[in-house]
Structures are given as structure tokens and as C-alpha cells.
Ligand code: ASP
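The form predicted alone is given below as one chain in C-alpha cells.
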């Protein structure tokens, strides 16, 4: 990082205060939780992240009789904090460069497939060796298409308890209508606490556990942010693809994202219809709907952004400039002359099965189509068995699991109609094995096709599934059950997809590494590695933007704007407690005189992506001023290229969080802990 330039923008910390290789620093307070980013915000293991990051845990703790998701939750004392299902906090302790070890192993590979397999094997060995250390979990991250490999040593904290969650009407205010949009008025925050054994070592939930004492935590800022202020977004961005070819991006714009959008839109409609039947159904499907809806709108943003930002055309111009640069020097022509054409050839190969790979991924998802996934797993497992061989009890239980047929007629059947209709109409390189069971050459409605399939199969009965498993490969090969025929084909497609992906990964390790070397030389100072779920810093300023001609968005929203959106109907139904507190907000210590209101959200021009949800946003003093939770619609396609004019990340202002904790759904002990940590 250019520290002098950073100080000129408002950084007040020294380099070592921000991050030191041995002692850590402000950056060390950023952690991962539930696939999101988060941060320690007190010395007592208090963790703050987004409401949508803790949504699944709060949902799992809710019942129709005690609906924490709808009503919110406050732990008045430590004893009232609730074990949070599935929430795990990962704290980075050390980062080790293992590039030389991985490259030495890779040099022995004799084929692309072997290259992938050797890479996976050496990574497993490095992780196993690292995890010999007490209380350590490890992972290896590849940078720059395998130019570098880093081994991350983490502390894994599994005793994580819910401390505070606002009502869904606050944490998700605006719902999918406002998702990926600005102006935004969402209180997207939730607090958890990490616990450990009294000696500080990680331990599963235990009555004698105590709050974990992090080496570093973030202090809450005494003041908020103004337009143009320096802010830094700390966290674990998931994935960007900045160095893809024009052909790969064109494939995503024309095929992948439009089809993903269409299929998810129809699948979500089925789930929403079921969720509307009652409180129990709503809780059962809330997490799935929220997760899929976020991906759905992301796909819509990608379709819009890639087109309106002319990303493919920009890529083509870059490639033309790159070719000219290569051809302008004989030495460069020798080093880099073929690499772009090799990359385009790989992209063309992958493009041939884009639709099939996407539809298969959805059709074999246990969350979307559990029955079909279960049958394919059954056929795959049985085909590896000899008839009469001893039966694995776990496998026997799995094939008879009643959950395979959960809400079958109301949910699974209509989703199967959507997905099987897609599978039977795929053609050419996208055609799937087993599709004859779906009568692909007829114009029969998908409803009738699925109906016939389900009438003719015996596999809706647990006993029939168990008998097929017992019969092994001979029973699978001999079966003319149409669902078995289809599942045989889909199992073969899944296996081929896995092999194809492994082989392609090996090819890209070779071509991609040479492509990156060429890009690094060509781009110079503007070159940086793609996001890969490792700890990163995005340096930004609080800044508005112009989404279209004649429109200019300011970078702050306030409670007044929230109240103007209130309609009394979802998703704009602000709780009565919030509206009551708003009436007296001018006397609040979190009232901003410059804005004339209590702030709710703000914009920054940070470079963020999925995984940055919950990222702490800090000021130049390293103090917590907000939580990143979204991007604007016009900037969703930033995964393929950050845009100074349109790339904006959306943050909940910490003053809104504190105002809510003090005045809307009071939690005095939590407020004192946060403000005390700031002193």
C-alpha cells in the first residue's frame, strides 16, 4: 500500500498500527462468519455482521410461537445469549507463503488432469500439516491463477451465540424491492458473541465457556462520516473475475446470467407460494427464498450492468491493445504471442456446455430439488455396489429419508417441471444423457412429462429405493424405471462435469498463469489479484453517484427517508417502536446536525463483492463507522471491472445501529459495551 498517498487522503494510523506481520493490528479485527465478513467490536468477543448474514441462524432459532426473525431478539444478560446454529467465527492468526512447495509438486505433472490432482494433493498435505498445531484450521488460497499460494492458519470458534438481532422489518427493510438499490434504508446488522474455554482455547458450546478475548477489536467512532471522507472496507471478498477474456464475459452476458435469472425467478415463485400458507411454512422457506432471491437479483444486475457498461466491448478494446503491445516488441512476441489465443480457445470450449452445466447445478441441488438429487445419489451409489454386499447403514437411512419427499406436490413437483423441461430441451453439446425418459422429441407440456414420470416410477416408495440400493449395479443396469433411466444419465453427466472441470482447471493453471504474467507486465501498477475469499482492504471515499442522465444520488440516507417509504405493507412496514422513537430523534446523541437527521446508510466507492457482506467500514483512525452490506444495481457487474463512476458499496451507518440499540429496541448493556469499547 502507498502509505504516503493514504495519509494524504486522511489515514491517521501508522502502517504497523493498521497491520503488522507478527503483532497484527486494526485489520486483525476483521473475521469471517457464516460465509460473510464480520469484526470484533469489543474485548469481550462481541462480533458484528449483517442481519442477512445471521438470517439463517435467527431463522433456525425461531418458531411460530417465538418468532425471533419477525420480532427481533435482545439478550439482556450474557446468560440469555442463544447458541447460534451453524455460525462459526474464523480468526486469521498467520499467513504463510507456500508457493515454492506447491510449484515444486506441480512440476511433476504430465497432463492437465494430473496437474489439478497433484495441486489438490499437495494442498491437502499442507493443510493437514498446518492443522497439527493446537486449535488450528487451515486453508490454502491461490492468487493470480496459481502464481502464488498462501496457507492461512486460523482459529475456529464454534461456540457462537446470538446477542442482538433487529426485527426483520428493520434488518430487511425494503426487501427485494430495495435489494441492490439506492437510496437504501436497511438496518442490516446483527450481533453475536464468540465464546471459548477459560484458557482462551476454542471449545464447543459449554456452560463454563467465557467470552473470547480477541487480540484486536475495533473501537466505535465518536463521529460519523461526511462526503469525501476516507473509509476502508476490511473483509473477505469472495470472487471477482477481472482478467477474463471478452469471449468469457460475452458468454456470461448472453447465456449464463439470463438463463440463471429466468430459472431462479420461476423457482422462487414456487417457494413464495408455499411460504404464504402460514407461519410455519414461512419460517421453513425464509432462508432459501432470501438466499435465492439475492442470487436472482444479482443475475439481473449482471445482465443490466454488463450490457450498459459495455464490458465486452471494453474487453475487446483491451485485447486489441494487448495484441498491439505484444507485436510491438520481438521479445514480448516470443514470451506472450500465443497466450491470448490459447485463453480464448479454452473459453470457447467451456462455452459449449454453459447451459447444461447451469441447469444441472440447479437440478442436482439438495436445497432446490432434494428428491431428484437423492435419486441420482442413490443410482450413483448403487452402481458402485455388488448385489448382496453388506449395506452401509448410513446409506440405507439416506435413501429412505422422508425429507426427500418434503412438500413434494406443493413445491418439488412444480420445480421439477421447470428443471426437467429445461433438461429435455437442451440440444447439441448441451444435450444430457437419459433425456429419452423425458420424451424430448414431443411438444408435451412439462406438467404431463413429470406426471407420467412420477406415475411410472416406483422410487417414491422408501422400500423400492432400498431394494434398488441392495440390488447394486446389476439392478441399476437392468432397470427400465424411467426415473432410474434419467438418474443414470444425470449421474454420468455429473461425473463427466467433474472430470471436465478438473481437466479445465489444470489447463487454466498453465495458460492462466502465463496470461497473468503477460497482464502483470502489460498493466504495470494497475495490476492486482482477483478476490478469492482472503483478507483484503478496499480503500474508498464516501461518495454519491449519477445512475443515469439527469439524476444524482447523494451519499447519505436518513430516518426521514425511511419514514417516507413506510406504507404499512411489506417490505416497507417500519415497526411501531421505530416510528415512535423517530418522533424524538432530534434529541438523540446520534442525530447528525449536518444531515438534519439520524443517518441510516451511506455510499462509498469501494471495490467490494460477495463475501464483503458484514465487512467493517473504518475511518482514518481505524474506528468502526459502518457495515458494508450491498452494492448498487448499476455496479453489480463490477465483478468484471470496477467502474469509478458507478461502482458503489452500500453501508449501514453505525450511528443508526447505535440509535436503534438505544431508542428503538433498547439493549442498555450492549450499548454500554460498544461505547465503553470506544473509550
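Positions refer to the first chain, counted from 1. Treat the numbers as computed from the prediction; the structure is a model and nothing was measured.
The protein also exists as the form predicted together with this ligand; that form is not presented, and the subsequent description refers to it.
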Inset, instruction - Tell me, out of 45, 622, 611, 638, which residue has a non-hydrogen atom within 4.5 angstroms of this ligand in the model of the complex. - result: 611
Inset, instruction - Consider the chain as shown here, without its partner, and state which of 99, 353, 294, 274 has a heavy atom within 4.5 Å of this ligand in the model of the complex. - result: 294
Inset, instruction - Look at the stretches 84-92, 329-337, 603-611, 428-436 and give the one with heavy atoms within 4.5 Å of this ligand in the model of the complex. - result: 603-611
Inset, instruction - Evaluate residue 52 for contact with this ligand in the model of the complex, applying a 4.5 angstroms cut-off between non-hydrogen atoms, and reply yes or no. - result: yes
Legend entry - 4.5 Å heavy atom contact, residue 553 to this ligand in the model of the complex: no
Inset, instruction - Report yes if any heavy atom of residue 304 sits within 4.5 Å of a heavy atom of this ligand in the model of the complex; otherwise report no. - result: no
Legend entry - Contact of residue 590 with this ligand in the model of the complex (heavy atom, 4.5 Å): no
Legend entry - Residues in 331-370 with any heavy atom within 4.5 Å of this ligand in the model of the complex: none
